[in-house]
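Coming up are structure 1 and structure 2: the same protein chain in two forms, each one given alone as structure tokens.
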Structure 1
Amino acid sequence: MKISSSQMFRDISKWCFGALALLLFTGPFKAQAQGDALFKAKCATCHQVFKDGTGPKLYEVRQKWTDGGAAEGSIFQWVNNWKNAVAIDPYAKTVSNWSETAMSAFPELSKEQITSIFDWVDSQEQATTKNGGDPLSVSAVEQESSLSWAWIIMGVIFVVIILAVGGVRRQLKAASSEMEGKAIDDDMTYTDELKQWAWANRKVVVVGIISIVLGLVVALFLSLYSVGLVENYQPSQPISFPHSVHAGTNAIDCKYCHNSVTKSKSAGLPTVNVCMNCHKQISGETPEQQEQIQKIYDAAGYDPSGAGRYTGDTKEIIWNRVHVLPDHVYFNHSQHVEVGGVDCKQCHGDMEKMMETAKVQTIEDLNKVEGNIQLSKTTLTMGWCIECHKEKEISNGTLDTKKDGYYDEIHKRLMDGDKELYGKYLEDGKVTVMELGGWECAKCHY
């Protein structure tokens, strides 16, 4: 069977366009991710997807407003500033009576951003939220599926590229034997034909392959340095625990509560017994404080009135995770805090001043903290990790906290050892984490 080369060119261009379309296809993931991040950063403190909380559930709320006879577009005004919506739309007025609490205003959100929040909310599936719409677990499911999709798409494109490259290579061989004057088989198969076509149009093929590869690299890097998906994330917590009162005013050491931070991978959160060490005596002065501290007593099964006894009826305080890295990333606290000598502030900001519960600080806020190295990439993204690894200097010798001579040895070798071998590291007079291997993929990825 013979296929004309113009037909084949059309086929190949279809492939290329297909690959491009697939890349563009990741666009919706971005919009989804934006809605997800905005919801968590701005709305999740009061709203859940499927359950009423401080605010009503938001699932299909646009439909609800349309069905209820709301004025067109007033729901956007509501989010920007609910008072404006109430002024023009009687339906909004009825909504405002839902509870005593008033909603915050979000004048900074554009119509597209608000739409992305609603789209994300409506895309959630009830089935994944057996625990009643906890936004964290919903997003974990959603993130994972969009990530695996990205991998599948990339996998397919890579297979195509490898096949194409293999074809060109074999064609080169065929062409060289042709030049040596060897006879070519008349009964060429489809693949032979394809190879011959690819050889004849090698410029097109090469340009095609290069643009696909470039497209992939750009797409990958955009996602690695991605927009502020995680910054400002501040999930609601069972007890409104202020770091300012504890680590600030009362100057309690971070390690008193996060006691594995210098010893292991994770920092750890305090158990209720740690809280009870102090709160057995401190039950709070204002009604708000008493209400919060009562929750500690409920968890510990402690009866502060009367005999002040433990009843044995305990329940766990389930803190929502604030900082979450994907499963494929390895991050170790002791390596950074103990060995690397990096201060908590560098990555978590001024927790001593944090009057609300913890959140993922924006890179702008982290840069404002005194003594921090100035970085530019979004907190918790790969760009953030590797930028610091490029900037951060390993100072000479003083970091050898484990006293096992590991760093002494490295520094001796680097500083007065083989200048020729280590010259490229030393030319700028400093040794960075990167130069010790902090950019190797396998150091951070399982």
Structure 2
Amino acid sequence: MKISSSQMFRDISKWCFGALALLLFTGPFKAQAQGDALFKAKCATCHQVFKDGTGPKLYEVRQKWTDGGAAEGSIFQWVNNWKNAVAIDPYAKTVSNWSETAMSAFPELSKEQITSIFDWVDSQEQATTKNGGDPLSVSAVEQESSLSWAWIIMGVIFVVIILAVGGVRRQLKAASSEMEGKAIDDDMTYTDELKQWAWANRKVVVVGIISIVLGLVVALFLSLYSVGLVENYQPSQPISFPHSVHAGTNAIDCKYCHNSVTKSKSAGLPTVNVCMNCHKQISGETPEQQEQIQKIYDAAGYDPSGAGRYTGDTKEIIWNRVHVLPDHVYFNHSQHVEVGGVDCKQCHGDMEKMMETAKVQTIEDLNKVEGNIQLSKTTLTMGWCIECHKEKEISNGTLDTKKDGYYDEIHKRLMDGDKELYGKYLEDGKVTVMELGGWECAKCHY
């Protein structure tokens, strides 16, 4: 049997080697995905790719360090703990003077992970404004794909299998035609065969194309819902603070440290003096605890030796902010905690069980906390807020159940003005934030 060499898939071994090479090339794609994820989780708060921010831009930063005469491997020590890099490398010391804000330490990152971050940063293409203005941050123009790398790799494998099976099928068809004495068109390429098949099955092909296009459009719009969303964000902090020990084991009320939460828009961070109320007597039992508490002493200018004394030589603690809302969004802690009676764990999770500093948790984690209102929207999104306003009860029965006078005027207006409307509010036996105007745009937006 004579089969033309111009036909596709005649040499199965070539396709096997090609498939193997294709799978091997997925390694760099995996590294790119890792670098992308690590950059967003660890770096994006302070650094941009092409523009200086709280920290310097990261594009080609390795080359910058090399040109500046940095010691080999110094940049990796800088990421793990900038103080160690400064101690051994003069160039790292000059970098430490770039900003008054100290670089966060990331001792958990390996050299390979740091390399993947730099590789991903250097692979980005700089975008500029239409009028030739300043470069835009890559985070401003990037849209995350809803497809994971695992699905992409599986798709590639699936395509390779289909092509290989198609080649085998074609050879079997040629052999069958030859045995039956039918003419074989040796010059027909795989593309020609595909066109011939598509025309013969044009109805199926049209339906398939329409389905694929609609699927891609739906996937695109679904991916837009994930733009700018951050979950599980966990920045490093200058001092390790185990909430499980303070709020859990020692049962310290959240309001003791975050003492402005009942009277201010912000919950507030505890001052060093608040920490010293306890840690002037508690210096830690293990070397690790003593090391962290010593940082508090340094900030307070306190010398614990002997009877202890304040030296006046203080050092500022720079905490990394975890929750950041857009400028056009108004949120008042006191209104929610004091008036609305919302428990801290509804938004922050069960701090009595968390070793690390509070993070932006997933809605799945928040729903696991006993007593929390069960919500479905992504944390810190508008949908999350309005869904909570729909479910959160202000009062069971009459509006003055709380006996704090806050809703007395609303209660009076409903009773004296429109009893029918008041009855509608109480059909479900509760009054929610939404029913009192909690869905009005001006409640949360300037």
Ligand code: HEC
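Fair warning: this is a prediction, and the values are worked out from it, not measured in the lab. Counting starts at 1 with the first residue of structure 1 and goes up one by one along its sequence. In this text, the rigid core denotes the largest set of C-alpha atoms whose superposition between the two forms falls within 1.5 Å.
- Taken from the structure described as the form predicted alone is structure 2, whereas structure 1 is drawn from elsewhere.
- Annotation: Cα of L58 displaced by at least 2 Å between structure 1 and structure 2, core superposition.
- Taking 2 Å as the criterion, K280 does not count as shifted between structure 1 and structure 2: its C-alpha moves by less than this amount when the rigid core is aligned.
- With the core held fixed, C388 shows a CA shift below 2 Å between structure 1 and structure 2.
- The rigid core superposition between structure 1 and structure 2 gives a CA shift for F39 of 3.0 Å.
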